[in-house]
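The form predicted on its own is given below as one chain in structure tokens.
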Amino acid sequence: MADYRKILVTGGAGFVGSNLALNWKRHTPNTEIIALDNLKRRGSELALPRLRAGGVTFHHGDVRSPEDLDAIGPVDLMIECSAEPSVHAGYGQSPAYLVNTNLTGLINCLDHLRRTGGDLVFLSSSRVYPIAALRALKLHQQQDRLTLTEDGQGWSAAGIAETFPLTGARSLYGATKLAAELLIEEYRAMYGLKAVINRCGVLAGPWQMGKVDQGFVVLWMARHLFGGPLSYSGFGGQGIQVRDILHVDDLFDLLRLQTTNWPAMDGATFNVGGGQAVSVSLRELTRHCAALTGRALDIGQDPETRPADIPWYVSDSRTITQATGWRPTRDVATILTDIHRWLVAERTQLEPILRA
């Protein structure tokens, strides 16, 4: 990795941020790692003793406040994980927190780097791709999942590529992420900022506080273990919609590679996910969870499709693989086993949060 002496992880008490911060400290113990978080999301407070034990410095602050960033001072690398992560945010309610966190917060981060220096790794989202275009893909049911039936511009059996058309609505969440990408490009051009953008698909692993709208893999396992209702929602309530998933430790492995090769990474945007080999439908996820917990649930059916729902998304990560040699090493079974082991070990503090 590059010789970073001070690294700031925004959203550093969240699932992704805390895992990245702790992994980085383990691999480079002489590097100062700082986690900044406003602790808004329930369960994020559980990261504090882990960060402290792992040698990560925690700052209670908010990217919406430039003064909180100023208090940290110059950093060599910023990993921008802060976000309102729900694609359903803003539907039927004010989008203020979503926009202020994901967009205004990002601007504050960029301006901090402009003034004080430092490189940027930005975690964007697969949700930058338009909903209608993803729903228009030709799919058919094959056993317990949907599969893609033809290739096109930016999509194939390997998944959705970076060249997928961007015309159309994508949710306010997706719009904030795409707007953030554009702002990063402008800061690169005007101020010489070094930055790489990773459009992440579904991330999963221990210490994710799963909800229906974000972190569904953990939620599915937690409901099987702790109890509570689950439903196959949308697209007829059949549970055949598909996502690829990526272990957060695989994401860390990628970031390590990216920060050793800035000439090839600077200014690039990559789709990052588990790919076809690490994809799962809700029906398949149910079978995995039942096998690990020994508990079969009666899954309900909610046929109504919500505005931001999509039936199939698999990340085509071949561009980043070609650039770095990286590919995921943890399959679906490994990811779910890690999650199950964590839920069992930490049941006392997790059940009140994750139980229905």
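The structure presented is a predicted model; accordingly, all values stated were derived computationally and were not measured. Residue positions are given as counts along the sequence shown, with the first one as 1.
Not on display, but discussed next: the form predicted in complex with a small molecule.
In the model of the complex, Val16 approaches the small molecule with a heavy atom inside 4.5 Å.
The small molecule in the model of the complex is not approached by Ala180, whose heavy atoms all lie more than 4.5 angstroms from it. With a 4.5 Å cutoff on heavy atoms, Met221 does not count as touching the small molecule in the model of the complex; it lies far away. Mapping the unseen interface onto this chain, Gln208 counts among the residues with a heavy atom inside 4.5 Å of the small molecule in the model of the complex. Shown without its partner, this chain lists Arg64, Arg327, Arg295, Arg50 as candidates; in the model of the complex, only Arg64 has a non-hydrogen atom within 4.5 angstroms of the small molecule. Shown without its partner, this chain lists Leu123, Val278, Met78, Ile160 as candidates; in the model of the complex, only Leu123 has a non-hydrogen atom within 4.5 angstroms of the small molecule.
Note that among 232-240, 170-178, 152-160, 252-260, the stretch whose heavy atoms approach the small molecule to within 4.5 Å in the model of the complex is 170-178. Highlighted residues Asn271, Gly274 and Ala323: none comes within 4.5 Å of the small molecule in the model of the complex, counting any heavy atom.
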